[in-house]
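Here you get one chain, nothing else, as structure tokens; it is the form predicted on its own.
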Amino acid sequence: MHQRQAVIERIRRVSAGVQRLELAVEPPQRALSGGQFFLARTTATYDPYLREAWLPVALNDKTIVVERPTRYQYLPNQVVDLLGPLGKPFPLRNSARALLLIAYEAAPSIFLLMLQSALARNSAATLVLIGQAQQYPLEALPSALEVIRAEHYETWAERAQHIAWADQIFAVAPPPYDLPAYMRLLEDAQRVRHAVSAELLYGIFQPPMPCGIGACQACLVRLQNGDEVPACTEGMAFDLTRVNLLQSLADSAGA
């Protein structure tokens, strides 16, 4: 993990709600893979005190591209303090040739850097946009990507066929949608495939990550073996067969 300054070289408005920033960064910060992220501070002071999680969506020769909502304003040549890269790369198998990605009430931008690698090796990829995820601009997605839109999880057409087709499945949903959505997806996968093997089905956990090093324990994910691991260092993608979703749901209901 490195702490360095980056410079915003270019700002491009993708849609009414989405903009992309090109950041000039030093080589150690360009060594990242899909699933990793930065904690960013855009001011020279500690106001706000907590950093923001910035997700890279593309890598160029000398820059990284991050995606931000247009409600935040930035300027060319603005200096940003970056901490990272943090987290572990998405565990995309080299043998995976059919990739199913699910964005439930969340922007699918977290998948884009992984897709850059997957599509480059001629993997087939299908993206399902559910609920608010449908508002994401399609022009910001790779043209080789198949996109399916559904108002609700239950109205996702041919859901069983897509789950059966995939070599690997990655799903993203924000709290508090994440635990119920992942439980429902795991149950569907178990029903359709009869058994869900390890390294098949992943959920992306994005709880608050104040420190980025696992010290504050604000982003713990409970596993089936009783361990609790920080999403900021061990995630953000977790094999759903290893996560104790039932206990996590019970804990969240009692909170």
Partner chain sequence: MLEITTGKMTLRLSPPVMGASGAFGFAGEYGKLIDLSTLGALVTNPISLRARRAATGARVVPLDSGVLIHTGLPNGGIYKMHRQYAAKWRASPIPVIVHLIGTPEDLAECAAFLDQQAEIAAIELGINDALTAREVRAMVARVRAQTQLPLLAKLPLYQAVNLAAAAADGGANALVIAAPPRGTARDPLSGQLVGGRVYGPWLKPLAVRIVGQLAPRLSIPIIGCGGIHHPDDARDFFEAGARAVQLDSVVWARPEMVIAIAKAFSGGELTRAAGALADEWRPLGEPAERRTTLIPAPPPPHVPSPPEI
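Note that this is a predicted model, so its numbers are computed, not measured. Positions refer to the first chain, counted from 1. What we label the rigid core is the largest C-alpha set whose atoms superpose within 1.5 Å from one form to the other.
Although not depicted, the form predicted in complex with its partner chain is the subject of the following passage.
Contact check for Leu75: a heavy atom falls within 4.5 Å of its partner chain in the model of the complex.
For the chain shown alone, Tyr136 is a contact residue for its partner chain in the model of the complex, at least one non-hydrogen atom being within 4.5 angstroms. Put simply, His152 is far from its partner chain in the model of the complex: not one heavy atom of it is within 4.5 Å.
The closest non-hydrogen atom of Val172 lies beyond 4.5 Å of its partner chain in the model of the complex.
Residues of just one listed stretch (153 to 161, 93 to 101, 114 to 122, 128 to 136) have heavy atoms within 4.5 Å of its partner chain in the model of the complex: 128 to 136. Highlighted residues Glu22, Leu141 and Pro180: none comes within 4.5 Å of its partner chain in the model of the complex, counting any heavy atom.
In the model of the complex, Pro208, Pro210, Cys211, Ile213, Gly214, Ala215, Cys216, Gln217, Ala218, Cys219, Leu220 are the residues of 194 to 221 with at least one heavy atom within 4.5 Å of its partner chain, listed from first to last. With the core superposed, Ala198 shows a C-alpha displacement below 2 Å between this form and the one not shown. Relative to the superposed rigid core, the position of the CA of Asp47 differs between this form and the one not shown by 2 Å or more.
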